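Next comes just one chain, in structure tokens: the form predicted alone.
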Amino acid sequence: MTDKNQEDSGIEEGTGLATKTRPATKKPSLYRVLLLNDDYTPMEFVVEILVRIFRKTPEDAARIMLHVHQNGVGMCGVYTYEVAETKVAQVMDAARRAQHPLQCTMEKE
């Protein structure tokens, strides 16, 4: 015996559980934050930026700074777009306030 409400709603008796599909979530794109070498920004300032903004240890910061100095560019970290954008802005602001020409960019990984 079927209920009149079940017939009206199109639900058949004994069909099992209804499944709900979830939309597929996609991982966010990641971006590399890069420091560019110049001939004027003191090495100590670059190390300070790496420690303060990118939370690197002093040893890692020195290693990255030397890589930037020797190769012209070096990666500070990989972040989601919003975090990378914020870190680039923080570096550029700190460099401007200290009157250094240090440049920082981001690129899609």
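These figures come from a predicted structure and were not determined experimentally. Just count from 1 along the sequence shown to find any residue number.
Keep in mind the form predicted in complex with ligand TYC is missing from the figure; the text below concerns it.
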Any non-hydrogen atom of residue 68 within 4.5 angstroms of ligand TYC in the model of the complex | yes
At the 4.5 Å heavy atom threshold, is residue 42 in contact with ligand TYC in the model of the complex?
-> yes
Does residue 36 reach ligand TYC in the model of the complex if we count a contact as any heavy atom within 4.5 Å?
-> yes
Within 4.5 Å of ligand TYC in the model of the complex, which residues of 88-106 have a heavy atom? Give them in sequence order, or say none.
-> 102
